[in-house]
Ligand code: 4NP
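Before any questions on binding or motion, here is one chain by itself as structure tokens, the form predicted on its own.
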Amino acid sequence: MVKVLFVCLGNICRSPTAEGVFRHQINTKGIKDGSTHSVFIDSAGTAGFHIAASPDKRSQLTALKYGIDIGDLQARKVSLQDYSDFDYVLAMDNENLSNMRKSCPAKHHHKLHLFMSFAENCPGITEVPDPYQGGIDGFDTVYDFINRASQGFIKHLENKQQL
């Protein structure tokens, strides 16, 4: 089983959207997620601002436009154990990646990646921008970037993990 953790700052906008979009895409391809299937998916934040909170309403509404319900997810903070437990720890931006490199044991640094590094057809775009302080349009942009990165990451897993 491959274990994937999506990480942003507060775990209420980008990373729960990534968790929902990626889960939807792999399930659509017939790759089932969950502890008894091929892939286990979760999300977390580098900061504990919103522990146990549901995703931002704007993230929920944007995901629902595409038939994805993320309303049951709850925010949590990245733990030291996550670096051992997960095969891929995918940061939404460089700041969160940097914060994780500081707290992640060196033997697990190879698991840390920028999520957008897997995106196709996004030349020059390396980060998923934080939409929290902006309007709903920012959430549409986040969804688009996450959708593209999820597609590319699935291809990566199919090639590397034979999913």
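Residues carry their position along the shown sequence, with the first being 1. Given the structure is predicted, the values throughout are model-derived calculations rather than measurements.
FYI, the form predicted together with the ligand isn't displayed, but the following is about it.
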| query | finding |
| --- | --- |
| Segment assignment from 43-51, 119-127, 106-114, 62-70: heavy atom within 4.5 Å of the ligand in the predicted bound form | 43-51 |
| Partner contact for residue 138 in the predicted bound form: the ligand, 4.5 angstroms, heavy atom | no |
| Proximity of residue 20 to the ligand in the predicted bound form, heavy atoms at 4.5 Å | no |
| 4.5 angstroms heavy atom contact with the ligand in the predicted bound form for residue 9 | yes |
| The ligand contact in the predicted bound form: residue 149, any heavy atom under 4.5 Å | no |
| Residues of 112-141 having any heavy atom within 4.5 Å of the ligand in the predicted bound form, listed in sequence order | 130, 131, 132 |
